[in-house]
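Let's start with one chain on its own, the form predicted on its own, as C-alpha cells.
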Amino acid sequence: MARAIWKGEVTFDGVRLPVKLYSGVEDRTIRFHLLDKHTLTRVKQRLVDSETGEEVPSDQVRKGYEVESGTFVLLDDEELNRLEPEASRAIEIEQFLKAGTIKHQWYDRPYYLGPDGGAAEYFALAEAMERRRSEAVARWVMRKREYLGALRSENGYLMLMTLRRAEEVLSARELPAPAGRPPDAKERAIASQLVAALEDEFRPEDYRDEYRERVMKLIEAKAHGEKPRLKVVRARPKAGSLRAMLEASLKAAKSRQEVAAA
C-alpha cells in the first residue's frame, strides 16, 4: 500500500482541490556499509583539513561558494534561511498546455496525486484533462524547496512530474556538428527496415536491473554460508561498420519474427 509523503491543494481559477502526494518511483539502489577489515565494525567519515589532514569539528565548518580559484564567498545558515521560499500547501496551476508540449528532457521525478476528500472533483479534473489531452504547468513549495512541475492525467489519476529548470536543460543545437559523410540511400533503407522489424509493445518487466539482481543473489548465497561460483559477464561484441551492423541486426530481427510466427 502506497503511503502519502505530503499533502497539499491543487489550485487554479478559484478552485481548491485537496490532494495527497505519493512517490511514483522507488529507489532500489544497493547500499553498502564501510567496515573495518579486521574488526568488521562500522567506520565513520570525518571532516578533515585538506592541507593539514587534521579533523575539523562540525561547529567550525563554514559554507562557502567559490567565485574563482581560491576565493570564496562565505554564507551562514541564517542568511540562507531568509532566502527560503514561504511555506505553502498550494500546488498552483499556471497554465494548461496541449499534452506532449513539454519534452522528455525536462522531466525529473514522477509523483502521483491522490484525492484527499472531494474525490468527485478530483476525478472530474483528471477526466477532463485526459479527454482534452492537456497537461498543466504548476508550482509548489515542499520541505523548504520550490518546485516546478507538469500535472498530467494517467489512467484516470493525476500525476505530477517535477521539471528541471531552464538553465539545466541543454539543447541538441549545443552538440558538436556531425562529422563524416551522411548515410547513403541503402543505409537509410536498411535502417528503416530494421526499425520496422523491431517495433513492438513496451513491456517494462523486460527491463530489470540485472547487475542489482546478480549482486543480491550473491549476498543471499553468502548470507546462507554458500560459496557461489561467479559467472563472468561477457562483453558485447564490438561494433563494425554501420551497414554491416544494420544488415546483421535486420537479419536477426527477421529470424526472431519467423520463430515467433512458427
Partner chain sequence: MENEDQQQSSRPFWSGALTFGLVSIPVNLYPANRSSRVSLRMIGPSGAPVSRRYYSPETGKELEAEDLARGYEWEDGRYILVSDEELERVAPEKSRTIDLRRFVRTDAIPPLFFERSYFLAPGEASARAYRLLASSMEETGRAGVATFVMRGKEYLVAIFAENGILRAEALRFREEIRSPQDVGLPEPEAPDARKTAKFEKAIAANWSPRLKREAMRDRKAERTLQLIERKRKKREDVVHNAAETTPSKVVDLLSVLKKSLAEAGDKPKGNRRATPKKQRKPTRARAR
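Everything numeric in this text was worked out from a predicted model, so none of it was measured. In this text, rigid core is short for the largest set of C-alphas that superpose within 1.5 Å between two forms. Numbering follows the first chain given and starts at 1.
Form predicted together with the partner chain: not shown, discussed below.
> Does residue 89 reach the partner chain in the predicted complex, with heavy atoms at most 4.5 Å apart?
Replying inline: Residue-level check for residue 89: no, no contact with the partner chain.
>> Residue-level contact is defined here as any heavy atom of the residue lying within 4.5 Å of the partner chain in the predicted complex; does residue 18 satisfy this criterion?
In response: Although the partner chain is absent here, residue 18 would stay clear of it in the predicted complex, with no heavy atoms inside 4.5 Å.
> Given that the partner is absent here, does residue 181 sit within 4.5 Å of the partner chain in the predicted complex, heavy atoms only?
Replying inline: Residue 181: yes, in contact with the partner chain in the predicted complex.
> Closest heavy atom of residue 165 to the partner chain in the predicted complex, within 4.5 Å or not?
Replying inline: Contact with the partner chain, yes.
> Quick one: which residues from 15 to 53 get a non-hydrogen atom within 4.5 Å of the partner chain in the predicted complex?
Replying inline: In sequence order, 15, 22, 23, 24, 25, 26, 27, 28, 29, 30, 31, 32, 33, 34, 35, 36, 37, 38, 39, 40, 41, 42, 43, 44, 45, 46, 47, 48, 49, 50, 51 come within 4.5 Å of the partner.
> Superposing on the rigid core, do we see a C-alpha displacement of 2 Å or more at residue 120 between the shown form and the other one?
Replying inline: It does not, since the residue 120 C-alpha is displaced less than 2 Å between the shown form and the other one after the core fit.
> Would you say residue 72 moves its Cα by 2 Å or more between the shown form and the other one, aligning on the core?
Replying inline: Residue 72: C-alpha displaced by 2 Å or more between the shown form and the other one.
> Can we say the CA of residue 54 moves by at least 2 Å between the shown form and the other one when the core is superposed?
Replying inline: Residue 54: C-alpha displaced by 2 Å or more between the shown form and the other one.
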